[in-house]
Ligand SMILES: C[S@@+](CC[C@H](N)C(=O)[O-])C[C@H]1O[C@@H](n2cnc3c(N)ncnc32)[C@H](O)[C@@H]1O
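Listed next as structure tokens is one chain, alone, in the form predicted alone.
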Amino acid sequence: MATEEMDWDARYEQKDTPWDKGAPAPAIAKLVDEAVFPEGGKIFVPGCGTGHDVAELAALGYQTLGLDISQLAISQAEKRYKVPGARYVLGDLFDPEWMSEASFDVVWEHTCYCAIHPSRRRDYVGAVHRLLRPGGLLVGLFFTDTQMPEGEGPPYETSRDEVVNMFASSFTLDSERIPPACYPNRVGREWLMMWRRK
């Protein structure tokens, strides 16, 4: 099922949200300690869900905007988190209207890419490229071992090589490695990549 066909509000209403761990990605605090994110930078979080990562980044000092296609997710984020510097927007990542004036220093990718049907992944790359300023950074914690059958999802399977194939024409791979921290059930299943907008 393609992302645009998924009823994300229904998933949140039914509490069928296995991707929501109730806490921010453990890697964020470690990456901030490593000064991966530029000090005072503006960060965009696509597919932010109920806002854990957005709130964490804002609490750590970044102006952070989260986007999600689910009204219920955005409402829950706004209700749960009142963190200065955190904003939430209802919208479609592939709709150019809302992002016409956007220019971010960093895009934090975590479980948005894997939620998008593989047929739209090049659209994702194009959207992220437009959202970043020249030289901006995509910090991606890619879910490379979803344990889903090929073609089924979300989350849809990907691999390190598939991500490289998607991003290499528009981005330069600065670095890649095992994430410095993960949710307990994601250990060994994610791959951290830092892509610089060309």
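This is a predicted model, so every value here is computed, not measured. Heads up: residue numbers just count along the shown sequence, starting at 1.
The next section is about a form of this same protein that is not shown, the form predicted in complex with the ligand.
S.K.: Only one of these stretches, 65-73, 27-35, 165-173, 128-136, has heavy atoms within 4.5 Å of the ligand in the predicted bound form; which one is it?
M.R.: Heavy atoms within 4.5 Å of the ligand in the predicted bound form occur in 65-73.
S.K.: Given that the partner is absent here, does residue 48 sit within 4.5 Å of the ligand in the predicted bound form, heavy atoms only?
M.R.: So residue 48 counts as contacting the ligand.
S.K.: Taking the ligand as it sits in the predicted bound form, is residue 91 near enough to touch it, meaning that at least one heavy atom pair lies within 4.5 angstroms?
M.R.: Looking in the predicted bound form, residue contacts with the ligand include residue 91, since a heavy atom lies within 4.5 Å.
S.K.: Taking the ligand as it sits in the predicted bound form, is residue 116 in contact with it (heavy atom to heavy atom, 4.5 Å or less)?
M.R.: Residue-level check for residue 116: yes, a contact with the ligand.
S.K.: In the predicted bound form, does residue 191 come within 4.5 Å of the ligand, counting heavy atoms only?
M.R.: Contact with the ligand, no.
S.K.: Could you list the residues in 21-40 that come within 4.5 Å of the ligand in the predicted bound form, counting only heavy atoms and keeping sequence order?
M.R.: Read in sequence order, no residue approaches the ligand (within 4.5 Å, in the predicted bound form).
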